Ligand SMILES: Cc1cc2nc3c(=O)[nH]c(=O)nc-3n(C[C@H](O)[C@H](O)[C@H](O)COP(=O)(O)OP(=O)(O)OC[C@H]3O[C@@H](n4cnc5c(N)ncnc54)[C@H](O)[C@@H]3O)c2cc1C
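Below you'll find only one chain, the form predicted alone, shown as structure tokens.
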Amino acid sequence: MKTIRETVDVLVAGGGTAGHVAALQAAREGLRTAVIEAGSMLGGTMTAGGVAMPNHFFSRHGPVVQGIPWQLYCQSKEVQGLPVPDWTKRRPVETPGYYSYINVPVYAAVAEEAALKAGLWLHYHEFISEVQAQGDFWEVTSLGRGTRRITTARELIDCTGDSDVVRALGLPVMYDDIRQPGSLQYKIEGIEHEEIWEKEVQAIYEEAVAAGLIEKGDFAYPNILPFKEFLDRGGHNCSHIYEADTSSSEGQTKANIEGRSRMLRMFRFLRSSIPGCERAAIKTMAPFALARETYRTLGEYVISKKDFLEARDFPDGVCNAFNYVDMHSREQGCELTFHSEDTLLPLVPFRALIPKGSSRLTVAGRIVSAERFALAGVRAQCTCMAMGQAMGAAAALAVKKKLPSRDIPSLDIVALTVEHGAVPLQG
């Protein structure tokens, strides 16, 4: 095995939804920045994970998240020769936000192109194996096939989605015995929708569940949506994997197997039982299953349900969140909770992105320090990207000022992200 040694200013663990934006923000400020990514591309859940809808850039009242995430989104549309949707011309939907969609290959390639242009060092197919503090520096060991990399960095950002760095350091985390179900993304095409009648397919679906031909969780939303919704979406984002835990290779393997089993069972059911689905075909499948929550960081502050629903105006807010909660469960399927007014916009406080008792280390993404209910709102993809940009800014300022990132004023963090196009705080 070849050993490689590198020295950088900022090391981002995980190039997913939060991580690729964090790394770009630090690199665009002239910092030597590297990304350790266990997968094969940038974007994480929204690209390789198949949830190709980064939401929400806009509420009904204006922009919520812009900056680097919006720039990448717009660039991906330009490459496709497609117009960027004008939020002022959108119509109200079922939620207070407007949905955006990306083409996975294009977005992943555009993000990578932007990363290389910014001078980012990208290391795919590597995972963090060891993290040690060495004075005012971090020494991080990552392993890949035939490669052992030892990276020395001043600032470290954990964007792994499972608190890999935080756990490696033995810092406190939160982990619930009951967690939101995960999902495997796939798309079924070739359905003859003109042959679909809502009441008929609903009855066929309910009979199949009662007979054990398909199982609870094969369709994730029976409590709030008719089964026709599964057919309309072609199955996209419509399955549940109970107790999914992707924080280890063992857990990831188990989730992958269950997800593909559910997909195959549902596909066989559609082809054999639903009129109009006789010629259906599975066209796409994400390479791995996803979890909605596993280990999240115990930070210097824990965002509470009350904080989120009342849209608390945190003095150390660093980015906007969004204003509804999307909570999945085995018992209910999916429950949506909306704020009392759709003008309320929660904030993410800097303290919730600083692991308790740590220095020169921040987190971003779904491992934010939050109670489960609040996490179900804060984990939206655009919010994760905004957290990433904020922590990339915090790391850049810390290196430039020769201070630990936790000592950087939140107002300075926001000012730098706004300089790079982010939306000012609206809490």
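Numbers follow the displayed sequence, beginning with 1. Here the structure is a predicted model, which means the values were calculated and not measured.
Another form exists, predicted in complex with the ligand; not displayed. Remarks below refer to it.
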The stretch from 329-337, 152-160, 85-93, 265-273 that lies within 4.5 Å of the ligand in the model of the complex, judged by heavy atoms, is 152-160
**Study point:** is_contact(S358, the ligand) in the model of the complex, heavy atom dist at most 4.5 Å
**Key:** no
Handout entry: Close approach of P54 to the ligand in the model of the complex, 4.5 Å, heavy atom
Key = yes
Classify F127 as contacting or not contacting the ligand in the model of the complex by the rule of any non-hydrogen atom within 4.5 angstroms, answering yes or no. yes
Practice prompt. Would you please decide whether K305 lies within 4.5 angstroms of the ligand in the model of the complex, comparing each non-hydrogen atom pair?
Written response: no
Only hit among A34, A374, A380, V64 for heavy atom within 4.5 Å of the ligand in the model of the complex is A380
When the ligand is considered in the model of the complex, the residues of 201-238 having a heavy atom within 4.5 Å of it are N237
